[in-house]
Ligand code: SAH
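Only one chain comes next, encoded as structure tokens, the form predicted on its own.
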Amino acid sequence: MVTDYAAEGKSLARLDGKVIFIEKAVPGDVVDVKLMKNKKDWAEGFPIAYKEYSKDRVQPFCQHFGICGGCIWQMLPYHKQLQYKHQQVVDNLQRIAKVDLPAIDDIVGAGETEYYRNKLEYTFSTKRYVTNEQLAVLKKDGNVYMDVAAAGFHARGFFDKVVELETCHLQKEPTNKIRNAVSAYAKANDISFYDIRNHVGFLRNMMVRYATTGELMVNVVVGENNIKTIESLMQYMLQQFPEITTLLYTINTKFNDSIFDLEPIVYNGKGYITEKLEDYQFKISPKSFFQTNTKQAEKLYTITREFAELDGTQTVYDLYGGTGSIGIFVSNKAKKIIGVELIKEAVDDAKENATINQLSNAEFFVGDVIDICTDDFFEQHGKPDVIITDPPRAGMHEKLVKKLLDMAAPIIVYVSCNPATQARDLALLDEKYIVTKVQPVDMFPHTHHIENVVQLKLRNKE
């Protein structure tokens, strides 16, 4: 029997003293498991037969559940998802950080568990992922057609196979209508889908961003510089979907899907959309990073602002500041905001967002915190009273942690999308800091991902 939730979407069972981590199972399931890894004290596997289903299971609402790589927790009621996510934070902080912890507040759940994303990225592929049932449908005259074009998301565990989506419940309409229409138009007009193995084909990816302001951006990424085909596709999309306020295309002939070194071309509209958090406005361009759940981002940033304990006199350093969203969100409570970010385009966006919001107390700098935060910099801009750090999943580099210890700000607010690496960093910061508050926040219902905000205060000198 599966007895508990582990982490990263896996549950666990125990057999003869060995811990077995199991995908696609939930506590209470009784399953036969095929082991993929088998070590002395632990093993990993997946169910090959369900003998008994957990009483906690519910019917998934999406027809693509179990095939698509997203929303892998739909078989759990939302309150159970929150319970296991909270448990994940507690387990990581206790097991990895091994520092003194305050009582950990209940996780902040999402009010909307469907249609909550403001951004989705679809893939167009020559290789459709098919189940055994679908395979029977694709048989014709004794031949099996495996390479069927598909528009949707990658199948879990496959870089080259895409699940053909009919309806996705992550983003409100017209996102499904746009994707399905573009796919149908391409097939009707012999426009090729991209073959990621051979790196040939026209239609590659499509990003849809839908702001709470009602503005809608679509960026179509193509693998060939064929202006005639691009023009016809763009015209079709505008005719079918006049609600698209900004339409762009990006020509990507590289062997990878990243567009950060490419320039999206504005076909129609102003080239960006505007998103709001409270009364703050943010310019979102095709390559901008912005939290993909706007309503939960407001909750996350509100908690961050509360943990910073600002009274209008402090200088706040916003590390991994991106487009300045956190720094700008807390700016009305701070004397000065200093944002530091490695990516120049993000800093350019941050500066423009500060201008849009008429801020005079925010400055943003390009570079590594370790290089920027010198004694000369502190003399010019002031030492931090509060540090807000929001690193990627890998957490902070050890050199940066040491730099934070040297900077010795009275308060650090650590926002993390990976409690495991956050816990590792908290163990290092324990040299000078004590953890005073912990608040998990669920940004992505039906997934195993979890955000966690930690407040740390400088230990009293003895």
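Quick note: we count residues from 1 along the sequence shown, nothing fancier. Here the structure is a predicted model, which is why all the values come from computation and not from measurement.
One more form of this protein, predicted together with ligand SAH, exists but is not displayed; see below.
Candidate site formed by Ile326, Ile343 and Pro392: every one of these residues places a non-hydrogen atom within 4.5 angstroms of ligand SAH in the model of the complex. Within this chain, Val89 is remote from the site of ligand SAH in the model of the complex, having no heavy atom within 4.5 Å. In the model of the complex, ligand SAH sits beyond 4.5 Å of every heavy atom of Asp100. When ligand SAH is considered in the model of the complex, Thr175 lies well away from it, no heavy atom lying within 4.5 Å. Contact annotation: Thr246 falls outside 4.5 Å of ligand SAH in the model of the complex, judged by heavy atom distances.
Just one of Tyr210, Phe307, Tyr320, Phe364 comes within 4.5 Å of ligand SAH in the model of the complex, counting any heavy atom, and that one is Tyr320. Between the options Ile107, Val369, Ala149, Val182, the residue in contact with ligand SAH in the model of the complex by a heavy atom within 4.5 angstroms is Val369. Partner contact region in the model of the complex: 284 to 292, out of 218 to 226, 123 to 131, 108 to 116, 284 to 292, criterion any non-hydrogen atom within 4.5 Å of ligand SAH.
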